[in-house]
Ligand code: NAD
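Taking the form predicted alone, here's one chain by itself in structure tokens.
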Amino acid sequence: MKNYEIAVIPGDGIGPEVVDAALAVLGECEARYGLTVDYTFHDFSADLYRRTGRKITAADMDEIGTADAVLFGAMGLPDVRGPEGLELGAQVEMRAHYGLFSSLRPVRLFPGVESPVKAKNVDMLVIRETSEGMFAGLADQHEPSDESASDRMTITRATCERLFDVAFSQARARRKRGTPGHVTLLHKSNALRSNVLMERVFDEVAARNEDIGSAKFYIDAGAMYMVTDPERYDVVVTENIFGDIVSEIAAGLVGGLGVAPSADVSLTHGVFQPSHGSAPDIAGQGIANPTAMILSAAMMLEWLGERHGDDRCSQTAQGIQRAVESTLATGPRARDLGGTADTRDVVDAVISALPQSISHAAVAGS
């Protein structure tokens, strides 16, 4: 049975609080199911930069990258900026360093959670490209000016092919769990040359995956459909900045960012974090919703299970997901979901809802 090494970066604001919540759930899973996990903790917060000027380096990321996975809380403080005026975010540097080209952002309307739209079966996976697109020029030389500023969007065939291969593979796997098995590209090829290439590569990859349905919408129309008819979507794939926006629209359909996990992955590395930010306005009050962080930890276990053929990890991930679903259905619910529960109340409820054991078959196959 493998011993997993997990690098933990709590970050800023509510990041440390929700990370502690996820670690409490993982600790209970270790005790119940026989997982063996070691954690190393790293501080690359915006607060550290404010106090010391220290930020994450390539050497730091090389060291962190030796771990089996990274569990990341939230990073950034509105008043802490780098020389170019941008907020600090180690996750952005890690995406580039590890080649994390695909951000998997599942959203599902759980029983007991209210949606602001008239839809009952919202269950989609937004896949955001995270290594290029509108973020491609972040490392470009920048000349400060009060008169003009520009950013660069770059799309490459190689990254598109990998991204769309992931999208169709995810749709095929999701179909086994009852979703339609369908991929939709959101793009802007009518106005952006880079997106003409993206659409062309999508058509080529779709032609190689004829068993999976596909569709394409311009990003503006596609965003509208996400609000007016979200049940039409299964897997949605799109460019970096478009994905940043529509993944939060999708989260808003199912209760908000407090229930929206994510995984930034490449073929070899994975960083798992909630889709929400650091929320410094509620930090230290013990009221942050830890659900997205707990679900991100479950995504980490599922990813580790797939990479290492470890059924124990996969079954544990499913157990956590069922416990979260049960807690959302019956309560207690966090305040952002209309309840009165504190962070610890939600953690205790999820732990109480965990199955006492995982199947003998899963243990035997690990």
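All figures in this text were calculated on a predicted structure; none of them were measured in a lab. Sequential numbering from 1, following the sequence displayed.
Only in words, not in the display: the form predicted together with ligand NAD, which the text now covers.
Enquirer: Verify the contact flag for I282: yes if a non-hydrogen atom of it lies within 4.5 Å of a non-hydrogen atom of ligand NAD in the predicted bound form, no if not.
Expert: I282 belongs to the contact set for ligand NAD.
Enquirer: Closest heavy atom of M75 to ligand NAD in the predicted bound form, within 4.5 Å or not?
Expert: Close contact exists here: in the predicted bound form, M75 approaches ligand NAD to within 4.5 Å, heavy atoms only.
Enquirer: Please check if M134 has a heavy atom lying within 4.5 Å of any heavy atom of ligand NAD in the predicted bound form.
Expert: Outside the cut-off, so no.
Enquirer: Does S278 make contact with ligand NAD in the predicted bound form, using a 4.5 Å heavy atom cut-off?
Expert: Looking in the predicted bound form, residue contacts with ligand NAD include S278, since a heavy atom lies within 4.5 Å.
Enquirer: Establish, in the predicted bound form, whether V235, S247 and E325 all lie within 4.5 Å of ligand NAD, using non-hydrogen atoms for the distance.
Expert: Negative, none of the three is within 4.5 Å.
Enquirer: Only one of E302, D68, D60, D336 has a non-hydrogen atom within 4.5 angstroms of ligand NAD in the predicted bound form; which is it?
Expert: Among E302, D68, D60, D336, a heavy atom within 4.5 Å of ligand NAD in the predicted bound form occurs only for D336.
Enquirer: Just to confirm, with a 4.5 Å cut-off on non-hydrogen atoms, which of G222, P230, G258, G243 contacts ligand NAD in the predicted bound form?
Expert: Checked against the cut-off, the match is G258.
Enquirer: Using a 4.5 Å heavy atom cut-off, which stretch among 84-92, 161-169, 147-155, 119-127 contacts ligand NAD in the predicted bound form?
Expert: The contacting stretch is 84-92.
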